[in-house]
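We begin with a single chain expressed as structure tokens, specifically the form predicted on its own.
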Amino acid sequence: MAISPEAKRYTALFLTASFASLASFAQGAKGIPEPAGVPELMETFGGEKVDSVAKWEKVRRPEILKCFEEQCFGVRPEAVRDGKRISYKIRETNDVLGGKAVREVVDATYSGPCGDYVFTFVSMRPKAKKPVPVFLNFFLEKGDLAALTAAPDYSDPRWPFADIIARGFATVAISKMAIAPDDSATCFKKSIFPCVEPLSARTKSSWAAISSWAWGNSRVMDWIESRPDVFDAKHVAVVGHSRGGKTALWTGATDTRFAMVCSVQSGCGGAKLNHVKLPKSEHISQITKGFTHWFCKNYLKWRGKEFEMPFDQHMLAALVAPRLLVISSASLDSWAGQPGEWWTAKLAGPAWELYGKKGLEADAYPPVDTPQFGGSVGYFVRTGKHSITPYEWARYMDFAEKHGWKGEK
């Protein structure tokens, strides 16, 4: 597949920012930039104060969700607003990890108004006497997960399922390619989209790739709920890295069944606050040139106008409240705007406080590899570059266990 000039430019910018010196970042972190003109979270778009759970749930949360639907990720058609058009078939079942765990390959069929679409995901779970919590990995793997995981020696540090199972949790992975290709030329032509509605029906507010991927995560959740004998559906976390981190946030915003959201270095359009000056980070003008298929067309109007936006990412993060949220960064990943990700975690806190919970318990940006896990919102910055590693996974399991998630070891 040919790589567009815009994508090549994006890659060059990303690499330049990602490999900035650790010493330079650490120096700047002593006094990270302050946000300016951030939209008020606890005030409706009409100017009314939000001071109760009832007003948050009936007025403020719905209007924020609608704002991000119409201005960022796109509005889903009626035909995909639930899981009633989906059927599931377990294609393969076998023991793995020396008989300590079970692997299942699942084919899901969506019967849309314009055709059928089949996608696949893979489950790994410990052989346990009771249902166990689950970590759903929206995986940036491009290959066939069913074929890859069939190999007896399969392992991948981006999805350390052996470590996850050893701590008593199940894990499910779905590839980003399962629902829609990560390519602007084919995304809306060779994927779930043409099975839902014709290309000619798309508008400036139509759903795009990130929303479709989040929809896929929710359909995996439907399947998890259908297996109460092995999965604890009340304790399911969604994890995503980079564009997957944006997807994880939107999954948690649109589907409150997920009890925890883990956003890994999601940057612009994800956890990075826009109302703060971070010149080495990615901005809307750049992301919408290289990856036009991720967002609805309305998002284009905010190019170069971040400080004029009446919404920002702390509002997206707040849609997860009162559930658990972890936002994480990497020390060499300036492109994702680490201080902006921390500010989002911090400024989203009032939504948890409405429920009598604590948000991010931190008054200053943390040293590397020092998680801030005191409240229901957690944050940490890992030493290293833009990637997801076993370190992140271990911290997410730490956070889950801290909040009472008990796997069977």
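Small disclaimer: the values here were computed from a predicted structure and weren't measured. For every residue, the number given is its place in the sequence shown, counted from 1.
Unshown form predicted together with alpha-D-glucopyranuronic acid; subsequent notes refer to it.
Peer 1: Though only this chain appears here, would residue 386 touch alpha-D-glucopyranuronic acid in the model of the complex if you measure heavy atom gaps against 4.5 Å?
Peer 2: The answer is yes: residue 386 has a heavy atom within 4.5 Å of alpha-D-glucopyranuronic acid.
Peer 1: Any chance residue 291 has a heavy atom within 4.5 Å of alpha-D-glucopyranuronic acid in the model of the complex?
Peer 2: Output for residue 291 is yes: heavy atoms within 4.5 Å of alpha-D-glucopyranuronic acid.
Peer 1: Taking alpha-D-glucopyranuronic acid as it sits in the model of the complex, is residue 266 near enough to touch it, meaning that at least one heavy atom pair lies within 4.5 angstroms?
Peer 2: Residue 266 belongs to the contact set for alpha-D-glucopyranuronic acid.
Peer 1: Is residue 242 close enough to touch alpha-D-glucopyranuronic acid in the model of the complex, meaning at least one heavy atom pair within 4.5 Å?
Peer 2: Residue-level check for residue 242: yes, a contact with alpha-D-glucopyranuronic acid.
Peer 1: Where does alpha-D-glucopyranuronic acid sit in the model of the complex: which of 229-237, 314-322, 193-201, 282-290, heavy atoms within 4.5 Å?
Peer 2: Within 4.5 Å of the partner lies stretch 282-290.
Peer 1: Counting any non-hydrogen atom inside 4.5 Å, which residue from 169, 250, 138, 335 sits next to alpha-D-glucopyranuronic acid in the model of the complex?
Peer 2: Of the candidates 169, 250, 138, 335, 335 is the one lying within 4.5 Å of alpha-D-glucopyranuronic acid in the model of the complex.
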